[in-house]
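Below sits a lone chain in C-alpha cells, taken as the form predicted alone.
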C-alpha cells in the first residue's frame, strides 16, 4: 500500500509501498505526483534500480533533460555524480570529477542556468559514503512566506542572471572550457517564482551571477542576505543517505546542496532531471550581450 509519512521538520515526505523495478500504476503515479507538489522532497528507501528503470520512472514526470557537455554522462538522460574512475578506483581530489562534486556543495537549483529550468530531479544512491555526504534541502516556499514584508517588496519583480560558469568559477575558474561555457550561456530568471498552485517562492542560488539594474556589490550583498535567511535550520531538511535511496525533489521550489565527505570513500549517485515546460522569462538578447561584453573586459 502506498503511504506518505512527513519527514522530520516542516516539509518533505517518506514514501513506502513502491518497488520501482516494476512499472507503477496510473493511480500510484497520480498519488505520487500530488505528493511531489505538496511536499517538494520525496524519499524512497530500498530502491536498487538500474539505469533503464530510473529512466523509465523519471519519464513518467515528463521529458528528461540531456546531460550537458563536460559532465559525466554527457549527451545521455542520466548524470553520473561519482568519484570513481574508469578503473574502479577512487580518483584523487585534484581530478576534474571532484570540481563538480565541490560545486554541488553550494546551494543551487538544478538547471536554473537554462532558459527552461528543470521541474524535478531524481537521484539514486548506488554507492554512498559510510559517513558524510548528506544532501540538504531548503523549502523556498517556506522561506518566501517567512520573509519580512519589506524584503518581499524589495525583491519582487527583480530579474537575476543565472550562469553555470559563475558557480563553477567559485570552485575553480579554469574548470569549464570555452566550448562548455558556450553551451550554457547566461539566462534571465525571476527572483520570485509563482508555482501552478499559486504558491510563491524565492528563486536564487549559486548560479546567480548578477541582478539586472543593480550594481554588482549591492547585488552580492542582497543575495548573501537572502541566502543567510533561507538556510536557517528551521527551513532545512538534511538527508543521510542509505544504499539504494532514491530522492525526488522539486527544483522550482527548493534549493539543495551536497555535504562534504572523506574523498577516499567511494560514492556514485545517478541523477535523472525532468525538464520544465517553458521559459519563465523572455531571454532578452540585450541582457546576454551585456553579460558577454563584461566577460570580454575581464579576460
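Note that the structure is predicted; figures quoted are calculated from it, not measured. Residue numbers count along the first chain shown, from 1.
Omitted from view is the form predicted in complex with a small molecule, to which the following refers.
**Q** So in the predicted bound form, does any heavy atom of residue 110 sit within 4.5 Å of the small molecule?
**A** Close contact exists here: in the predicted bound form, residue 110 approaches the small molecule to within 4.5 Å, heavy atoms only.
**Q** Check whether residue 135 has any heavy atom within 4.5 Å of a heavy atom of the small molecule in the predicted bound form, and answer yes or no.
**A** So residue 135 counts as contacting the small molecule.
**Q** Is there a heavy atom of residue 104 lying 4.5 Å or less from a heavy atom of the small molecule in the predicted bound form?
**A** Yes, residue 104 is a contact residue.
**Q** I'd like to know if residue 39 sits close to the small molecule in the predicted bound form, meaning any non-hydrogen atom pair within 4.5 angstroms.
**A** The answer is no: residue 39 has no heavy atom within 4.5 Å of the small molecule.
**Q** In the predicted bound form, which of 42-50, 56-64, 268-276, 228-236 comes within 4.5 Å of the small molecule (heavy atoms)?
**A** Stretch with heavy atoms near the partner: 268-276.
**Q** Given that the small molecule is left out here, which of 201, 128, 123, 176 has a heavy atom within 4.5 Å of it in the predicted bound form?
**A** Exactly one residue meets the criterion: 123.
**Q** Can you work out which of 155, 219, 161, 81 has a heavy atom no more than 4.5 Å from the small molecule in the predicted bound form?
**A** Contact with the small molecule in the predicted bound form is made by 81 alone.
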